[in-house]
Every structure is written in structure tokens, then in C-alpha cells.
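In the form predicted alone, a lone chain appears below as C-alpha cells.
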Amino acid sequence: MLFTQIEFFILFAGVIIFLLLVKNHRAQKIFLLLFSYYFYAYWDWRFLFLLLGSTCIDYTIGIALEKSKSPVERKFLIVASLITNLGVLCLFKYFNFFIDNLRPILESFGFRPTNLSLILPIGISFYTFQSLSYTIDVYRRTIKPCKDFFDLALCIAFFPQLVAGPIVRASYFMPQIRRPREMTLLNAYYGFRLVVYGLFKKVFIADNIAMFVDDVFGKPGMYSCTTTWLAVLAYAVQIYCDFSGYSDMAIGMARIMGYKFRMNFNLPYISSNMSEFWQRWHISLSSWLRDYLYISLGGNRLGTVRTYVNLMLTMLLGGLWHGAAWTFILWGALHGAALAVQRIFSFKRLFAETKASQFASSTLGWALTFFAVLIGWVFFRSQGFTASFLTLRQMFFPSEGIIWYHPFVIGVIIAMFIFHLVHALEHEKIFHLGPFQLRSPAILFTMLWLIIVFHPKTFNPFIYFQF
């Protein structure tokens, strides 16, 4: 079931009506948990047992971590949580990938490994990280373990963020679950506004440029240099609007129900360096990798060389998290290298401390950062290295090819550039649609009209469902 389907909105309206009519807080939470399980099981009921199993194991480990006073026992418990959660994730997502790559070595020792016929459970990468954040925080004693199983289950399985994030940590969400929610008209407006924004970005923008992007990336090297560049720019817009659109809808629906999630995207394409990009792009994942992986590896506390090693390992694993393919690993490596170069070299050193020179520094930093991000998207989107290098060859060493200038795509790219430029110049208030502004309902319902009239006829799942 997708957020963009009319069936979902009918069911969501029923959820809101129930929450308004039934005032008992515990009954509301149990209903939300049951609906979240139904939402997940709608895709394939069999994988609901994985979600339940992960919740039961981490609930038990959380209780045991509080009771245990032995450091050795506590380490054993947290390792058990890591092995269980990551083991299931690796089995479904990476087993065949590793078998395919290790096959020559294994066969040289007489083994004849076979691939498993596995379907990747939707959302497993997200709820695994969410569940792990709970047990790790309990182990670190930054939060108390949850004594109510239903509270923890709702925290992990809450349907808005279950299948594609944002990754909402128990330390942030659990206190909201424990106290009665507040469903107010103001929360309803802000939530509705975010849902409309998300729908507009996903359906009107991302889905309508997907056909152009899919065709050009599906035939690497066949299109002209300018068309290939246009497709790469279009994909940068598509993946941003698709994923941030889902996040906006998830945050908006939670807000309507009285819960608050943190922002997951904050205009990443205005970043002037790669570190800033990861502070703005998929914030819940980048902060998770920082707090639970990079810092656990030692962060920047163990010397310069170890800092670069930790950065690279974090980004390599971040790339692998996105998918079992060498292109994702290389994408992570490119970002890790860019972060390392940024630590070594700063453009600000080239310029004097004046407003004009700092503007030049920021502009140069933005151009190089955006260029690096675009090159990374080529590997992220392409089906294998051959396709990636054919696309890059056509971008930088062009030969004759098909010329296709899609008017809608060009218009969207220009509009996106203007939108980001206005925010970069700190004039973003002109886009704000407050609850008491007369133009707000007109603009929001115009966006809804565009969504309804110009939605693609083909089925377009969210891009991050595959991760």
C-alpha cells in the first residue's frame, strides 16, 4: 500500500476518525499498532513475523540490559541484538551478493554455493536501524528500557515511517508515545500542508520526470551530451523530490495524529561542502551513521589517519546500506573521499576575510560539491559499472547521440534552481504558507489539482522502497 493510493487515504481518514472518537490513550496506541501491522502486512503478511520477531528480541534484550550489572553480560546482550538484527538484514539483502562475489574463491576450495530465492522485505533497512538504536541507547544508558511491549512495538512499527523512514529513534519518539497526544487544528493544518508538499513533489514532479530519466539511463551512451547531462540533473531532482516527498508525507501524517518528527531533508543542494550536504540529506540516516557507527569506530578521537579510515568505512557501509551492488559501494566511497578531502583542504584558506571573498569561497564550494554529488548520482542510478562509465563518457567525452530536450524536465530543473537560490539568499519567507494567510488554501488546493490532473498513468513506487 502506497501513500499515493486513494485506498490509503480512505483508511487514514478512518484512523483519524477513530483517534478523535476514542479518547482512551492506551486504546489509541493499540489501535495504531494494529493498523501499522495491517499496513505492513498488506504488502506481504509473511514478513510481518520478521518485524514482530525483531521487536520481541529487542524488547527482551532491553529489559535484560537494565537488570544486568556485569559488563561482560551486557556486551553479550548488545552483541546478540546486533547479530540478530543485522544477521536477518544481511540474509535477505546481502546473502546472494556475497555468494556471487565469493563464488570463485569458494569453488576453488570445493564448495558449490547456490543463491537463495529471497524477496527483500520492504522497509527492513529502516526498521532494523530503528530497532538497533533502541538497544544501543539502552546499552549506553542514555535511555531507560521500555517496560510496555506495546509502546516499543508502536515505536518501531508506526506506519508513517515504517517502510521508508525517517529513522525515528526511541529516545525521541518513546516519550511522545507515553504521553497523551494532542490533535489540534494547528497540528492538522501543518500536517496537511506537509502531506500536500510531499504528494506534489512525488506525484507531480518526481513521477512525471521519471520516464525521461529511466529512458536515458536505460540506454547509456545513446543520447547526446546535453541530453545526458539533462538526465543526470533530472535524476538529482527526481530522487530528492521522491524521497523528501515521502518524508514530508510521513512527518505530516504523524503531525496530524499529534506526533512530531524531525526534519529529514533541508535543501541539500545548497550545500557548500560535502559535510553540509550530509547534514541536509537524509538527516535521520546520516546522524544514525554518525552516532552509532562513526563514533563507535572512534570518530576523530584516534588521530588523523584513523579519522579518515573511520570516515571511509562509515560511508562505504552507508553506500552498502542502500543496496547490494558495487555501484552503491563506489557511491559511498566517493562521498567518503569527498569528506576526507574537505577535512584536508578548505577553500576559505584561499580567500581573504571579506564578504566578497567569502561569497566566492561559498560559491566555489557549492559548485564543486554539487558536481561531486551529480557524479555520485550517476553510479547510484546506473545498472552496473558498464552503464555508469558509458554515461560518464557521454558527459565528458561526447559522441553523437539522440537529442531530446524534454520541456517539463527543463522547466522543473529551472524552478528547482530558483527555489534553492531563493533559500540560499535567505528570502525563503516568500514560500511560507502560514495557517492564517489568505493565499495558503488557494495554493495548496492548486497543488492538489495539479497532482490529480497530471498524475502519471503508470505505477511509480517510491525509490527508497527498494532499500
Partner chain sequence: MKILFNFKHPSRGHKIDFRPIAAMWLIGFVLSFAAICLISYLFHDSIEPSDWNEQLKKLIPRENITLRHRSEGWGDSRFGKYGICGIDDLAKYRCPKILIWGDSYVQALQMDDKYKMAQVFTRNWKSEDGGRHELLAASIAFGGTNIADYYFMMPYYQKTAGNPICNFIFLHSFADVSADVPGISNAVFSSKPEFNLKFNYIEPVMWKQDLIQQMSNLGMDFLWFLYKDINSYELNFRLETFEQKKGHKKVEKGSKFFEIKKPNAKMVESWDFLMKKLKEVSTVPIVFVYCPDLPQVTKDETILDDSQKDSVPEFRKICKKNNIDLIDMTPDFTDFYKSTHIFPRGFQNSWPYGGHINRYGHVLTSKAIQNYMEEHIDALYPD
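Positions refer to the first chain, counted from 1. Since the model is a prediction, treat every value here as computed from it, not as a measurement.
What comes next is about the form predicted together with the partner chain, which does not appear here.
Q: The chain here is shown without the partner chain. Which stretch in 313 to 321, 184 to 192, 127 to 135, 326 to 334 comes within 4.5 angstroms of it in the predicted complex, by heavy atom distance?
A: Careful reading of the contacts points to 184 to 192.
Q: Quick one: in the predicted complex, does every one of H406, F436 and L450 get a heavy atom within 4.5 Å of the partner chain?
A: Each of the three qualifies.
Q: Pick from R26, K67, R46, H427: which residue has any heavy atom within 4.5 angstroms of the partner chain in the predicted complex?
A: If I apply the 4.5 Å criterion carefully, the residue I get is R46.
Q: Of the residues I344, I105, V305, I119, which one places a heavy atom within 4.5 Å of the partner chain in the predicted complex?
A: Result of the distance check: I119.
Q: Does any part of Y223 reach within 4.5 Å of the partner chain in the predicted complex? Heavy atoms only, please.
A: Yes, Y223 is a contact residue.
Q: Taking any heavy atom pair closer than or equal to 4.5 Å as contact, tell me whether I10 reaches the partner chain in the predicted complex.
A: Judged by the heavy-atom cut-off of 4.5 Å, I10 is in contact with the partner chain in the predicted complex.
Q: Taking the partner chain as it sits in the predicted complex, is R262 near enough to touch it, meaning that at least one heavy atom pair lies within 4.5 angstroms?
A: Contact with the partner chain, no.
Q: Considering only heavy atoms, tell me if K219 and the partner chain come within 4.5 Å of each other in the predicted complex.
A: Flag for K219 set to yes.
Q: Can you name the residues of 364 to 403 that have a heavy atom within 4.5 Å of the partner chain in the predicted complex?
A: Contacting residues: E400, I402, I403.
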